[in-house]
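Next up is one chain by itself, shown in structure tokens, the form predicted alone.
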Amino acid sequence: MKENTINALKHISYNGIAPEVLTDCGPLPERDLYEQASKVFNRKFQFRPTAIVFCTLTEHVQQIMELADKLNFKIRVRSGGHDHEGESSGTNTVVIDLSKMVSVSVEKQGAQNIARIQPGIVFQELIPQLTAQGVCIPHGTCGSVGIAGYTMGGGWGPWTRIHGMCCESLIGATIVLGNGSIKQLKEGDELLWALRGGGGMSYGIVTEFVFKAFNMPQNTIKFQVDWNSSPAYEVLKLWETLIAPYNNVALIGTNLKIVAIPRPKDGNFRETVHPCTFYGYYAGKQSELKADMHKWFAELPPSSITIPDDSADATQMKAFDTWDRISAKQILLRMTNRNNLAVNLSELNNSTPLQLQVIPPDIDAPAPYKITSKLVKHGEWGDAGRENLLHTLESDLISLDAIKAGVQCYVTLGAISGSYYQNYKDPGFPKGSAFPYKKRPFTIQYQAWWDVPATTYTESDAADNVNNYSNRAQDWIEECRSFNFPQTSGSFISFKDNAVPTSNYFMESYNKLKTIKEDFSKDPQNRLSTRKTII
């Protein structure tokens, strides 16, 4: 069976162009490449695919789907490879790898900018190509994430407040269906509605996305603000005020990180200090940002502010890493230096930008981790919601020893509320999108990362990359998932956690998405399926 599958895959060709096929049973150079290519971003998982096929043409994908039906093998689809549950790969599967499909083109159609983007490109390669032409799409914050899963999962990022989720900008696609047929999707197609936030892989394999692109603002600035000695409750309240729908239209995107800490002996959620970091993306000049900061932080001065130099290229988001990861060293440094003085806001008038981060951010490298998510209900947050959130961030499962060993536990809040969704008018199905959280103020993403040095492992658990610290970190994620949090509901599929029921991710869109899958994907054997696809 395996031999027949591999032999058939190695005979795939279209117009004389064949995809690269890697297996663990070929010559030594191929096996070495296979070992590297079989790794997934979340090192918590490791799989042994039957083969990894690096497609460069839509017809390559088409032929694999036809072979899957004929030879009855399972498939997985990988673009950027950031699936949090490792579902872009699998043991005894054929991985359709789209990472070599990276073409980008931009054209004018009347007053509209149209961007055609293949699924394998990642943001650190995509954004410079778009911004060089003066346009962009609502991209993400992590440079190594691919466009495909990001878009189909919804696509939260630094443009969400003014341009919505990335899926809202999707206006067409080329898709290979379950039987290998190729379909061009356009506005009004139910499959296109499903691709707009209905999750990846379920409905077919997309080989090109078509987006409406927006013109870049003249100036964009990414900034970072840290509080190390202020109550997290007050920082959270301030951030919520800043992201209210009609507030601060120049603040086009933001998230807030709050570090989880060991449970204090005398806990008062309104007074407890957690290291907090406010990341923002601002459309305007540095002088305008500094003037706004004087107003924003007058009553809660931060510990540090980082603003790039005016001479930097402000049209490209280059330093993505700090939006998505925070190092254990940073956490420890900030927790053990809580009495540092707040920055004097008058310093913002100086021509020299503030660069006060002692330790540079981690590289966005693969690591073992676990995440889960919730979304805040519209109009139901308030003091009770804030206290519940901070309750989950103080736990006996977290220790300073674990942080010293490289374990990082924190929450990231991603702003959804802003002018785009405040003014959103539902055009009616099948226009619009399957993304169900248009009226939610922000996402809550709990994260636990660990990369514990090998010297702390016992011999028995080293092979599984699990020890006491990482086990407790995962227990903390489970504790947060199950916490009674009535001010929240639902989960965000881009923050995938297999313990969350699938219906929880898609809410009121769930039944319609199942029907679209059954009616239009041409996949009677349900080969386009993983644990968290729609069926």
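For every residue, the number given is its place in the sequence shown, counted from 1. Computed from a predicted structure; not experimentally measured.
Another form exists, predicted in complex with a small molecule; not displayed. Remarks below refer to it.
Q: Please identify, from 489 to 497, 29 to 37, 45 to 53, 505 to 513, the stretch that has a heavy atom within 4.5 Å of the small molecule in the model of the complex.
A: Of the options given, it is 489 to 497.
Q: Using a 4.5 Å heavy atom cut-off, are V94, G178 and I182 all in contact with the small molecule in the model of the complex?
A: Not one of the three qualifies.
Q: Residue-level contact is defined here as any heavy atom of the residue lying within 4.5 Å of the small molecule in the model of the complex; does P302 satisfy this criterion?
A: No, P302 stays farther than 4.5 Å from the small molecule in the model of the complex.
Q: How about G146 - does it come within 4.5 Å of the small molecule in the model of the complex, if we only consider non-hydrogen atoms?
A: Yes, contact at 4.5 Å.
Q: Examine L289 and determine whether its closest non-hydrogen atom to the small molecule in the model of the complex is within 4.5 angstroms.
A: Flag for L289 set to no.
Q: Can you check whether T277 is within 4.5 Å of the small molecule in the model of the complex, heavy atom basis?
A: So T277 does not count as contacting the small molecule.
Q: Since exactly one of R440, H163, R196, H84 fits, which has a heavy atom within 4.5 Å of the small molecule in the model of the complex?
A: Residue within 4.5 Å of the partner: H84.
Q: Consider the chain as shown here, without its partner, and state which of W450, F211, W227, W156 has a heavy atom within 4.5 Å of the small molecule in the model of the complex.
A: Contact with the small molecule in the model of the complex is made by W156 alone.
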